[in-house]
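One chain comes next, on its own, written as structure tokens: the form predicted alone.
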Amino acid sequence: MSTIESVEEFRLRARSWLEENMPVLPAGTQVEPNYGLGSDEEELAEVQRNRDLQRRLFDGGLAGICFPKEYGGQGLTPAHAQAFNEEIVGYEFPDKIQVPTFTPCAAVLLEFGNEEQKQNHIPAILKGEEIWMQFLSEPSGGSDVAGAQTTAVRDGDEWVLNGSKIWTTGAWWSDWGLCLARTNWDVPKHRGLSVFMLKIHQPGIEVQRIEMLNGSKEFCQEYLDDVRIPDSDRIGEVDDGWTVGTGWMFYEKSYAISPLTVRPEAARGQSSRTKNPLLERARDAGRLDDPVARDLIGEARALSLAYRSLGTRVAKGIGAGKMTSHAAALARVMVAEETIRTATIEFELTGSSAVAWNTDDTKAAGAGVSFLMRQTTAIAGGTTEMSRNAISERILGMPRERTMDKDIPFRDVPRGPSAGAAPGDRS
């Protein structure tokens, strides 16, 4: 039986490999979210760059650190993943494809997929050959994931899907999706769902991009019209999709602490290879000696440390079985709070140039756009309101909210005109 590589041995190996093989970010470079504001050509080039970097990690034996070896991973521990996250600070990495490809999608495949599905897709994900998205939200559904109305009807060894999904980031340049669909309308909503793997670019699927007020076209809406997929692409049992969905929601909430994703993170007590963006903003604004600015920077630092500590505690607690999986909601709320407040602080430090900037002032533009888009962190990936409900009901044991559709066949649940009728209904 082979012994597992120690964390320190792994750290040194990763450090040496990164120095020799991964591009170093220029001093002071910060990875600014572009929110899909570049040209299509620029975004496609960025996606290809991410695929190439992921393949480079795979070929170097550093992809999928916590993925099983039989699927192309390294079979190591979360401690090894944390060491890698500390060592990769200051280097380019495939940031665009970490979420949702690795978590929740690959995590769902690992837990609920059969052996053939894992062998077919996990290695391809680790090589950067497949980028995955999650087809969850629907135009009529909001955060009520279990209220999905996209239908899947069995036809021999195939399923025929009809419906629409929305708010899928980057669907136009992605390869596969996890799709939640309704396979039974005659049982309560949680009992009539199934999960499928769906190749995005195939006959019957129309992907339309949604232009936001800021010009971004990163979000997409997908229309499924008699899309045929084999039963072999079903994940889990028929009508038992909520079992898969519960795990899916856990991985979605816990992406910020997942050992399956790469998240550059300076080790405690060590300085990052990149400059502190808030210090840079204060310096650019001539406010380094301003006690108000210094207080804001300190607040952001405290939030960051609290977020990291909470994330570590929750990850270890869930992993050790000392915390329920619902504790992932704690990290979900904290990452939103930290991100929103930090974006606000950066905006305040940048000053008037973050309100109106010229085309050459990319730093100010980044601060301004981040401030305008800050609230999306509390919405994307499941709203923080849903996570707060999970915390109150599932962790604190508070009374559950009253629901009007419990134990009612889903076809009999009242729906608004925009939702449409259930299949087979004449009304």
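A residue's number is simply how far along the shown sequence it sits, counting from 1. What you see is a predicted model; the values in this text were computed from it and never measured.
As for the form predicted together with a small molecule, it is not shown, yet the points below apply to it.
Visitor: So which of Ser325, Gln221, Thr169, Gln82 reaches within 4.5 angstroms of the small molecule in the predicted complex, heavy atom to heavy atom?
Guide: Selected option: Thr169.
Visitor: Mark Gln208 yes when one of its heavy atoms lies within 4.5 Å of a heavy atom of the small molecule in the predicted complex, and no otherwise.
Guide: It does not: once the small molecule is placed as it appears in the predicted complex, Gln208 has no heavy atom within 4.5 Å of it.
Visitor: If you check in the predicted complex, is Gly351 within 4.5 Å of the small molecule, heavy atoms only?
Guide: No, Gly351 stays farther than 4.5 Å from the small molecule in the predicted complex.
Visitor: Although the partner isn't part of this model, could you tell me whether Ser137 comes within 4.5 Å of the small molecule in the predicted complex, counting any heavy atom of the residue?
Guide: Result yes; Ser137 sits at the interface with the small molecule in the predicted complex.
Visitor: Although the small molecule is absent from this view, report whether Pro123 comes within 4.5 Å of it in the predicted complex, heavy atoms only.
Guide: Taking the distances in the predicted complex, the answer for Pro123 is no, it never comes within 4.5 Å of the small molecule.
Visitor: Can you check 59-67, 363-371, 43-51, 379-387 and let me know which stretch has heavy atoms within 4.5 Å of the small molecule in the predicted complex?
Guide: Answer to the contact question: 379-387.
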